[in-house]
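The chain that follows stands alone, in the form predicted alone, written as structure tokens.
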């Protein structure tokens, strides 16, 4: 069997890629090193706009819907802001959500080999040979969606990626929130990041993440202290840590032979301000599938065009997010009191997160006001 495309990784990018390729009638194989469904450390916030990109219903894997953001500074000075969105923010369990997309792809004919680790890759003749511990798989095209820690970008010959590495530690608690429509954020207890407590139908996800270099902090200790606010014993709850591959500049996302692409976190599409990765990963996966479909149909520019699409559609917005990230984490207390507490500012960010608005739509005047405010403070 020589597949039209092999997709490495069964996260949101990989599942979305496989689904859209299979929907177009192509022979697809998904290779995943873990046994599915697998746990994925993640707050689980998902933009409702992704429903428009698929023709199946996501309702079975939406755990809760968030309508209110609640902020605190060092556990105090709280503010609650109601979100004025077309559709409330989704909260999901990643093991259920990711596997659900994979199963939809399987219904359309995509094949899955989980518990299968890739140990080598080589382009021979007119196809890729993917070496695993259980054998060799072949395909004309390859899409690497194996995340921040995955080896595929290196195996495919990509040079050091442009990204900032962040990190997160999360725990799943069975302690049910008093209000399941509220997502909690804490900004004063950790440097260059934030803590969260997100509601789920059977408990909550509580964790801490940093999006700029600040690894000298004791993240577990800080998260444990924050958890006490919700009567959660973080230390006695199973914890999961993982790196985050944040966007830090546009880069080439296709191989020189134009037969392989990077998508999802392997392509460093994670938002450097909010650390949102699910929506941009899905978007990149869908665009990667489109590129492969067009290439198979004879479009000689399709693979190169994929890199341009990601630059134009994601990279341009991520540059704005990067600038905002520098401001927020350089002057966190000012941003908390002067920006986050403003309902309109929070709703702009919520709309961006949910895909109802783009960073590029933020008015230039807003940046001028923020820059002037921070310059005076400094």
Ligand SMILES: Cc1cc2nc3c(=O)[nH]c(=O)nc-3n(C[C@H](O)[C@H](O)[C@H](O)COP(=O)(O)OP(=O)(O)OC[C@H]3O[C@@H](n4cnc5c(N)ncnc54)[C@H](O)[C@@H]3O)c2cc1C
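Keep in mind it's a predicted model, so treat the numbers as computed, not measured. Positions refer to the first chain, counted from 1.
The same protein also exists as the form predicted in complex with the ligand; that form is not shown, yet it is the one meant from here on.
Residue 172: touches the ligand in the model of the complex, heavy atom cutoff 4.5 angstroms: No, no contact at 4.5 Å.
With a cut-off of 4.5 Å between heavy atoms, is residue 42 one of the residues that contacts the ligand in the model of the complex? Contact check for residue 42: yes, within 4.5 Å of the ligand in the model of the complex.
Are any of the heavy atoms in residue 94 no more than 4.5 Å from a heavy atom of the ligand in the model of the complex? Contact check for residue 94: yes, within 4.5 Å of the ligand in the model of the complex.
Does the ligand get within 4.5 angstroms of any non-hydrogen atom of residue 13 in the model of the complex? Yes, residue 13 is a contact residue.
Counting non-hydrogen atoms within 4.5 angstroms of the ligand in the model of the complex, say which of 353, 69, 329, 336 makes the cut. Checked against the cut-off, the match is 353.
Pick from 117, 111, 225, 290: which has a non-hydrogen atom within 4.5 Å of the ligand in the model of the complex? If I apply the 4.5 Å criterion carefully, the residue I get is 117.
At 4.5 Å by heavy atoms, is each residue in 198, 243 and 277 next to the ligand in the model of the complex? Judged in the model of the complex, 198, 243 and 277 all sit within 4.5 Å of the ligand.
Hey, of 252-260, 147-155, 293-301, 226-234, which bit sits against the ligand in the model of the complex at 4.5 Å between non-hydrogen atoms? It is the stretch 147-155.
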